[in-house]
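In the form predicted on its own, a lone chain appears below as structure tokens.
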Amino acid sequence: MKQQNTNSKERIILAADQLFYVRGYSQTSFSDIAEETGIPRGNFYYYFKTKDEILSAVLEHRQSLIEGLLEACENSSSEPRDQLFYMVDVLVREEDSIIKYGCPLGTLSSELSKTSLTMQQHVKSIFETLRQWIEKKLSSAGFSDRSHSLSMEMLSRLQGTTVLANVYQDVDFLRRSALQHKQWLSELLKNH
């Protein structure tokens, strides 16, 4: 019984995550999640009393996905430059989703910035995980004095690319931008 409960809770989180990404948090109802999972809506209350509780679980799930991405970046190479390139390459690896729906974290962040301060802070902490990792890589490459500002710049470049690629539905722009980000990083690291 415990295994089934865990699976049901996980199914709810995964379905909500996908629906929040595709439709948005505000446009997704308990009924939508119930339909997607095949779990009766009344059973949701066993796991989650409110939609905000589901959102919190989704944000924890997304935090673990970001941590998994950063681990993959770490495992891709021993060189900070190549690890940063691996992160940039996420744009191309996830291009279909980005073109259709934007960045899963960025779009949700934009939506939540107009609602819940608590959830907005949760999203900010996920972005901060990314930013701190980038800062650490830049610092280890010799940019200790500028690593914070450069990490913010890199994060803004990546987010800007996802927003515009989604708005214009332009995969060529996305791919060109990924190359430009890598060129920017190469020049930055070469000149230091």
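Predicted model, so just to flag it, every value in this text is computed and none were measured. One-based numbering along the sequence shown.
What follows is about the form predicted in complex with another copy of the chain, which we do not show.
- Contact between residue 22 and another copy of the chain in the predicted bound form is found at the 4.5 Å heavy atom cutoff.
- With a 4.5 Å cutoff on heavy atoms, residue 157 counts as touching another copy of the chain in the predicted bound form.
- Taking the partner from the other structure, another copy of the chain in the predicted bound form has a heavy atom within 4.5 Å of a heavy atom of residue 169.
- Proximity of residue 50 to another copy of the chain in the predicted bound form falls outside the 4.5 Å heavy atom cutoff.
- Although the partner is absent from the chain shown here, 153, 161 and 164 each have a heavy atom within 4.5 Å of another copy of the chain in the predicted bound form.
- Heavy atoms within 4.5 Å of another copy of the chain in the predicted bound form are found in one stretch of 121-129, 134-142, 35-43, 64-72, which is 121-129.
- In the predicted bound form, the residues of 101-118 lying within 4.5 Å of another copy of the chain by at least one heavy atom are, in order, 101, 107, 109, 110, 113, 114, 115, 117.
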